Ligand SMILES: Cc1cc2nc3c(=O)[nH]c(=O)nc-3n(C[C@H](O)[C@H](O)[C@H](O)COP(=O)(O)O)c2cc1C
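Starting off, we have a lone chain in the form predicted on its own, written out as C-alpha cells.
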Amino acid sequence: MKYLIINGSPRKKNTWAIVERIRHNLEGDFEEVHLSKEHIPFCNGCYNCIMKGEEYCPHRQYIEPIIEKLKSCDAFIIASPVYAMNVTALLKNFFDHTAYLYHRPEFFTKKAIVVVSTAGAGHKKVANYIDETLRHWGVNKVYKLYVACGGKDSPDNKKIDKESEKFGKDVLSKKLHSPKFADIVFFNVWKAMAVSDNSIPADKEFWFNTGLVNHDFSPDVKLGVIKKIFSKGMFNILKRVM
C-alpha cells in the first residue's frame, strides 16, 4: 500500500510523534508532504478553480503536484495541531485551494486517517472539520485520532495503536464502505447543479465527462436499495429546486 502524509504542522513535535507511531503500525510505502516547506501562497479567493477549472488556479504549480500525489496513493494521513481552535493556517490554506473538490469530488476509492493534537482543547472539533472536508472530496472512509498532549495529559498510545491498526487493515482489505446519507445529499447537490440551466461550465464538464451524472453515487461504491431510492429521490427534488 502507498500512503501519503500531509503534515499541516510547522514543526515536528507532538503531532508528528503521533504520525510516526501510526506509520509504525502500517505496512507500505510512505511519502511525506510538509506544507511548511511547500511555500504555497495564500488563496486569494479568485474562484477560478471553481468557475473555470482547477487548471486556472494562479497557484497551480504548488497545488497540482500535491493533488497528483493524493490521486496516486491508496490512502492518506492528514495531520494538524490545534491552533486557535482550528487547523493550522498551513492546512487551511491548502484546503482553501481545494475548494473545487467540493463541487467535483474525486477520491471515492481513498481512505484517510486524521491526526489532531492539542495542548488544551478543540481537538475533536478540528478533527471533525477535517473529516467533513475529506468527505466532501469524496473520500470513502475517514478515521479520526484526536489526542490531548498538554498539561498532565499524555498521548493514549493504546488508542493510537488501535485506531491506526484498524485503519491499516481497512486499507489492505480494499473494501469500499457505503456512504453516509449526508454524503449522498451533497453528491446530489453538486450533480443537480451540474445539470441545471445555470450550471458552472467546469462542473458540467466534470460530471458529464466522468459519467458521474448517470449514477446515484460513485459507481465504485455500492449502494443498498434504500440508499439508491434515497439518492434518486434527493436528485429529483434538488433538480427541481435548482
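Residue numbers here begin at 1 and follow the sequence given. Nothing here was measured: the structure is a model prediction, and the numbers come from that model.
Another form exists, predicted together with this ligand; not displayed. Remarks below refer to it.
Colleague: Is P81 close enough to this ligand in the predicted complex to count, meaning some heavy atom within 4.5 Å?
Modeller: Looking in the predicted complex, residue contacts with this ligand include P81, since a heavy atom lies within 4.5 Å.
Colleague: Does C149 reach this ligand in the predicted complex if we count a contact as any heavy atom within 4.5 Å?
Modeller: Yes, C149 is a contact residue.
Colleague: So in the predicted complex, does any heavy atom of H24 sit within 4.5 Å of this ligand?
Modeller: No, no contact at 4.5 Å.
Colleague: Within 4.5 Å, heavy atoms only: does A119 come near this ligand in the predicted complex?
Modeller: A119 belongs to the contact set for this ligand.
Colleague: Tell me the stretch among 82 to 90, 129 to 137, 157 to 165, 97 to 105 that has any heavy atom within 4.5 angstroms of this ligand in the predicted complex.
Modeller: Every other range fails; the passing one is 82 to 90.
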